[in-house]
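Encoded as structure tokens, the following chain is the form predicted alone, with no partner shown.
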């Protein structure tokens, strides 16, 4: 039997890092579903909230979460749903059943992207030099979600309640992402957990 591996499973912590001020952790415990539908349709929003246990965020660049489910607003009719690993097929089936007959799309993107969390005392400095988006706390507050670039790869960036950043990146760019991260964080010290 072959075990499934995350895109960054082969990454190891740099040797002899004593003062790591940036900490990277890949989260393999999420399923990724893309949902499209009409947020003005009350039947759509009610059905989604019933399945997920949380209402869809409808304000631009917002998020919502309940338990292991997190929802990122991507555009007026599109959301990224992050659910507990190995539940995405069931959540997708439940959404399809609840939304039967409506003009919607539910797509499992779990194998095509990964979620990386960046934290630490100098994560803000790292983010400011790695993305064109202004990640200052006055501009990227807790719960805010933006689609931008990290280095030269597309990323969805979410500011977490603990002040860390979740980045959703495409699997095919994961090695490039890590090489950039390792280089950009040399002055701060990087720990991989």
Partner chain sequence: MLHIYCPYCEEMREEEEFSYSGEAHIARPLDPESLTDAEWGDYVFFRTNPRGLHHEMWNHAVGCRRYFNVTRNTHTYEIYETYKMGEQPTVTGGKS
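Numbering follows the first chain given and starts at 1. Given the structure is predicted, the values throughout are model-derived calculations rather than measurements.
Below, we refer to the form predicted in complex with the partner chain, which is not included among the displayed structures.
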{"item": "Heavy atom within 4.5 Å of the partner chain in the predicted bound form - the one residue of 142, 55, 132, 43 that qualifies", "value": "132"}
{"item": "Listed residue that, although the partner chain is not shown, lies within 4.5 Å of it in the predicted bound form (heavy atoms), from 85, 99, 74, 91", "value": "74"}
{"item": "4.5 Å heavy atom contact, residue 67 to the partner chain in the predicted bound form", "value": "no"}
{"item": "4.5 Å heavy atom contact, residue 163 and the partner chain in the predicted bound form", "value": "no"}
{"item": "Distance check, residue 49 to the partner chain in the predicted bound form, heavy atom within 4.5 Å", "value": "no"}
{"item": "Residues of 139-171 having any heavy atom within 4.5 Å of the partner chain in the predicted bound form, listed in sequence order", "value": "144, 146, 147, 148, 149, 154"}
